[in-house]
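Take a look at this one chain, the form predicted alone, written out in structure tokens.
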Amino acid sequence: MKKKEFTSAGMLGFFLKGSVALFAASIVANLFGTIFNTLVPQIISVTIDSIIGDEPLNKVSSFVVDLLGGIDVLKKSLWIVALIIGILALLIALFRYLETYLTARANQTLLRRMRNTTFSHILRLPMSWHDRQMTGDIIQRCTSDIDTVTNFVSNQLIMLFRILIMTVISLIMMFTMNLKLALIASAFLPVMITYSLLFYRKAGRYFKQCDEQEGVLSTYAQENFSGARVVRAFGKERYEKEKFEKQNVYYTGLWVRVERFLALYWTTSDLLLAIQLMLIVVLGTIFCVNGEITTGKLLGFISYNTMLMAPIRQLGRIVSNLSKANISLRRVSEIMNAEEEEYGTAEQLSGDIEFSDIIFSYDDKPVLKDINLKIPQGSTLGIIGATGSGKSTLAALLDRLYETERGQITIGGRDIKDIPRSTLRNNIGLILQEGHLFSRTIGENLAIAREGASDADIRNYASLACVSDNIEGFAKGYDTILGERGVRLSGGQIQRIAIARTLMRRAPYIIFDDSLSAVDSETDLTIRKNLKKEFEGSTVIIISHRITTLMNADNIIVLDDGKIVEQGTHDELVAKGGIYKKIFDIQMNLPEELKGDLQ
């Protein structure tokens, strides 16, 4: 059954689990801080008009003044009013602190959940998904895009609540002070809001472009950093530098265009706000002279107008960031909506492996065609063939890194599609030609294969893979920290460490996917002897271009253009005089010193 896909809003709701209460508490703190903030202009207005001046108090003001000792007491002791404003300032600061703290806690909770969930999900996505993605773009989605979403929720979204609260309270206060001025001030609100929405709707397209091009730039950087050896070996530093600079100039140009666009918004919105404030001050002064509003109320009105219009001006920024956050959330959602591989409990597998009528293509390009093959349990199968003939694909299908288009693969009579991937991969040890090593110690890289592996286990399997002497030759031995992808090691050392790591799993099925290619012939032979002695009963598949690596296998198949064109033991294939015999003759007729190095 296909998994349900989340919309952007649904995905955000999913990520917000665990931080909603913190965000809600932050909004409550913001509400109280805003309320106390809006009381200050009211106190100043009453003080100017009724305590310093002689304007009569309304019922609410009269009640509060009486609680403080009456109008006469306050006229003589204005410090009481100053003290109240000071207390309000402290309360505002306290609630601002609580708001900031709670928002930061909520932000980190959301950020942690998004990163952990997305990373965990990516680890379970099928290889076919990874083949279609650029590594730099995935990294950008998991870092920059997630940061954009969390920053919007914790900053701009909270600010939006503040704007709504401030707008409502300010308008109420302004309409109670003077209806005419309030209507004039309010007339600018729909203009500002509409202008902001229209302006930033267009900005959203620019932000999407910038996000996509940042992913391309990240990919360029990632590829060059991980492939530094290749770049230097071919002397392509200048070429790669120019390629990166060209993309960076284009990416920077996009942001310059965006900033120019935003600058136009901010200057024009400033002009509108200046016109609005000028009208309020001029008309308010006229109303004050005509006795339609008191001096204190005019000052309070201007304060509330500032509280109203300043946040409204920020609405454009919020809408702008909403566009960016929505684009980023959609990009993260594309990852989260990709269907994971299903996993189940692990169990021990046994039995023959059988490929029946297997057909497989990469992007509509046929790779394997009508493969029929049986591998008896405990036997060794050798696979040889030209590059692109489908050797590695056969191994990948057995490990369910990809799914067959047609046909069936069984282990012990069970279709591997009915076997949980966790079970399948716990029973199959797949050693790739390019063994990936992590930027940790050699010992840690080996111990990854088996939880709780002892030092003795690590040394034993390193010895079986003929790499223990190399490791112990390093100053720190098994505690030697490797560079990224084992950059400090030779190709042969990387392959042998990868072999040792896989052998530690003691899987009943072991696949060498050309993983002895960088090992000399003598070491190759020693490893295979150790394997036969230590793993007697295991089913072994060896993919190689080297005849000497395969010649002792129980059965050897020759792949050509995705088909099995020859099959048999070494002696049988040599006797047939086909492709295998030609490869054998070429390799055996080379000078002795080159035989073991032919790939």
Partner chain sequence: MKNNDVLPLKKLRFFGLGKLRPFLRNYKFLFAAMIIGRFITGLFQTFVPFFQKYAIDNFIGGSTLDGLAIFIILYLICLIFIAVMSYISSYDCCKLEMFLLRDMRRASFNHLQTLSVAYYNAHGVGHIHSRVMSDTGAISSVLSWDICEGTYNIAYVLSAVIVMFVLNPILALCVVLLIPLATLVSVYFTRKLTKINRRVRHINSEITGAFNEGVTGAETAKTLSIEKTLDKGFMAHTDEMKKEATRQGHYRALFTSLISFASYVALALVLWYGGIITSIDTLKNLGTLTVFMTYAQGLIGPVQWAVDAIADFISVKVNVERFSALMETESDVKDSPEVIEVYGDTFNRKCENWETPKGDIEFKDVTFVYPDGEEKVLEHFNLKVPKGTNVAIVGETGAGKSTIINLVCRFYEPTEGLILIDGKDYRERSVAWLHSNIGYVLQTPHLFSGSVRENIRYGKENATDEEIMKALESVDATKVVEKIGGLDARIGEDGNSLSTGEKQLLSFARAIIANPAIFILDEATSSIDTITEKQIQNAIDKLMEGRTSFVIAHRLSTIKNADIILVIKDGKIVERGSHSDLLKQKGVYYELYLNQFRQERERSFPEAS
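Numbering follows the first chain given and starts at 1. Since we're looking at a predicted model, the values are computed, not measured. Take the two forms, superpose them, and find the largest set of C-alpha atoms that agree within 1.5 Å; that set is the rigid core.
There is another form of this protein, the form predicted in complex with the partner chain, and it is not shown here; the text below is about that form.
Undergrad: Using a 4.5 Å heavy atom cut-off, which of 161 to 169, 132 to 140, 357 to 365, 461 to 469 contacts the partner chain in the predicted complex?
TA: In the other structure, the partner sits against 132 to 140.
Undergrad: Using a 4.5 Å heavy atom cut-off, which residue among 282, 456, 198, 481 comes into contact with the partner chain in the predicted complex?
TA: That would be 282.
Undergrad: Have a look at 120, 372, 348, 194 for me and say which one sits with a heavy atom within 4.5 Å of the partner chain in the predicted complex.
TA: It is 120 that has a heavy atom within 4.5 Å of the partner.
Undergrad: Can you tell me whether residue 330 touches the partner chain? I mean in the predicted complex, with a 4.5 angstroms heavy atom cut-off.
TA: Looking in the predicted complex, residue contacts with the partner chain do not include residue 330, since no heavy atom lies within 4.5 Å.
Undergrad: Please determine whether residue 297 contacts the partner chain in the predicted complex, using a 4.5 Å cut-off between heavy atoms.
TA: No, residue 297 stays farther than 4.5 Å from the partner chain in the predicted complex.
Undergrad: Check residue 20 for me: does it contact the partner chain in the predicted complex (non-hydrogen atoms, 4.5 angstroms)?
TA: So residue 20 does not count as contacting the partner chain.
Undergrad: At 4.5 Å between heavy atoms, is residue 474 in contact with the partner chain in the predicted complex?
TA: The answer is no: residue 474 has no heavy atom within 4.5 Å of the partner chain.
Undergrad: At a 4.5 angstroms cut-off on non-hydrogen atoms, which residues of 567 to 582 are near the partner chain in the predicted complex? List them in order.
TA: Heavy-atom contacts within 4.5 Å come from 579, 582.
Undergrad: Checking residue 517 here: with the core superposed, does its CA move 2 Å or more between the shown form and the other one?
TA: For residue 517, whose C-alpha is compared between the shown form and the other one after core superposition, the shift is less than 2 Å.
Undergrad: Does residue 360 shift between the shown form and the other one by 2 angstroms or more at the C-alpha, the core having been superposed?
TA: No, residue 360 moves less than 2 Å.
Undergrad: Core superposed first: is there a CA shift of 2 Å or greater at residue 537 between the shown form and the other one?
TA: After core superposition, the displacement of the residue 537 C-alpha between the shown form and the other one stays below 2 Å, so no.
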